[in-house]
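One chain is shown next in structure tokens, namely the form predicted alone.
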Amino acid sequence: MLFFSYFKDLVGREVTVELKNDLAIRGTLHSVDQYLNIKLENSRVVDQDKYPHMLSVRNCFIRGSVVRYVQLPPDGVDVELLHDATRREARGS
């Protein structure tokens, strides 16, 4: 639940989602659920030359099980908050 809570705080921010098939999509995070399924708005493919058929996609839903990485904006990462939450979760509090 740690990551779900963290991603909920990033709604409205721009993120890049890299999928397990090497497709990377950048867009505004619209919503995320407990399975880390992600909905992006105003999305665009990072490598448009490699995936020209994806140029017309503007909104997309990404199943959490196909996500490899989520790249966050540098100013969107509160490292201290993540450290504290990770410690609490490790202790079982």
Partner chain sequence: MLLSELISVITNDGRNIVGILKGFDQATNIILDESHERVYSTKEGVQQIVLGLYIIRGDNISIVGELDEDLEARLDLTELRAHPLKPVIH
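These numbers were taken from a predicted model, which means no experiment stands behind them. Residue numbers count along the first chain shown, from 1.
Below: the form predicted in complex with the partner chain, not depicted.
Not one of 13, 29 and 71 is positioned with any heavy atom within 4.5 Å of the partner chain in the predicted bound form. Of the heavy atoms in residue 83, none are within 4.5 Å of the partner chain in the predicted bound form. The partner chain is not shown here, and in the predicted bound form it never comes within 4.5 Å of any heavy atom of residue 46. For the chain shown alone, residue 36 is not a contact residue for the partner chain in the predicted bound form, no non-hydrogen atom being within 4.5 angstroms.
In the predicted bound form, at least one heavy atom of residue 22 sits within 4.5 Å of a heavy atom of the partner chain.
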